[in-house]
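The chain below stands alone and is given as structure tokens, in the form predicted on its own.
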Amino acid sequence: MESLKQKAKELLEAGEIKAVLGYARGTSDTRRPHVAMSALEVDKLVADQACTTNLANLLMKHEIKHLGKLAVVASRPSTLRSLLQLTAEHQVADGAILALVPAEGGVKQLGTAQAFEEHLALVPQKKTEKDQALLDRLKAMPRAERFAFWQKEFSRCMKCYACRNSCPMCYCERCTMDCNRPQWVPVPSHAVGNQEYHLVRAMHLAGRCVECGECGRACPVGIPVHLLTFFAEDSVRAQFGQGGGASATIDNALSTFRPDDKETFIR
């Protein structure tokens, strides 16, 4: 923890960055995003197991984008995967953001997409045991039973859009869900509108999801909506051999045509 603060202060004092995006103590035992632009603000930084929020989501916010060069505390591998995917989608320039990765005995400073990739190559990408168990159970269900499961889950959706707003890949200034001329998806929270919203969102994230699970954690009624994008991501990886957050130079599988695509996904 102290090494993280020391590194952040050194970078700020040297003028290499304008701010550090990290975590500070919130209410109770929670952690909240924290922007540090001075040594005093750096002292409020914390880095522990409770730091779960994917800070890459904030990089697309107007207030953050215009601060200047940033250092981002990457407590979880999904933050680095987010940075790679945002770079691949030309939302973040390679080298524009430093990643500070808390490590045993210190902090690792990563400044390029190549460095992110090399670090992630040493970190196996895996889901939590709970998520993997439920995902396996869903995959094993007959199609009708799986559809009934999601219909029941979607019936609890309030259309608060917390899942969308917490996702680092949902950065469009105007979402399809907010369009009313024409209105693509019904606004009210009802069976058809809820189903359309979640399925459209999952398709938009297929091949782009970095599997941070933020959407599921953000849901106020506990819908495991992140499993939809996890399933879509697993399908794209199996069919096309690539997934979200793997490289800063790779194109999205579902927006790219190749003559040698297997096309086994077509039924």
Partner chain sequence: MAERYKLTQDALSALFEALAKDGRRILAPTDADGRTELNAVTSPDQVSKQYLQTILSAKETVFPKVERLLSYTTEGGKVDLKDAQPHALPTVLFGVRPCEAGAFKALDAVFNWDSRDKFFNARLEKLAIIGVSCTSADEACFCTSAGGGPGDTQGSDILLTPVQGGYLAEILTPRGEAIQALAPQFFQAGATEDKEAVLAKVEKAFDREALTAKLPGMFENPVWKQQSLRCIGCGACAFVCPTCVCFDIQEEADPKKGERLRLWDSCGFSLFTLHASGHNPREVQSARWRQRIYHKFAYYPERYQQYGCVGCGKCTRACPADMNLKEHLVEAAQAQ
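All figures in this text were calculated on a predicted structure; none of them were measured in a lab. Residue numbers count along the first chain shown, from 1.
Beyond what is shown, the protein has a form predicted in complex with its partner chain; the following relates to that form.
Out of the listed residues Thr112, Gln132, Thr176, Ser155, Ser155 is the one that sits within 4.5 Å of its partner chain in the predicted bound form by at least one heavy atom.
Shown without its partner, this chain lists Met60, Val200, Ala50, Val35 as candidates; in the predicted bound form, only Val35 has a non-hydrogen atom within 4.5 angstroms of its partner chain. Judged by heavy atoms within 4.5 Å of its partner chain in the predicted bound form, the contact stretch among the candidates 116-124, 185-193, 89-97, 75-83 is 185-193. Interface membership of Leu40, defined by any non-hydrogen atom within 4.5 Å of its partner chain in the predicted bound form, is ruled out. For Val107, no non-hydrogen atom is located within 4.5 Å of its partner chain in the predicted bound form, even though that partner is not displayed. Although the partner is absent here, Lys159 lies within 4.5 Å of its partner chain in the predicted bound form, judged by heavy atoms. Interface residue remark: Gly68 is not counted as part of the site for its partner chain in the predicted bound form, having no heavy atom within 4.5 Å. Residues of 10-33 lying near its partner chain in the predicted bound form, listed in sequence order, are Gly26, Thr27, Ser28, Thr30, Arg32, Pro33, the criterion being any heavy atom within 4.5 Å.
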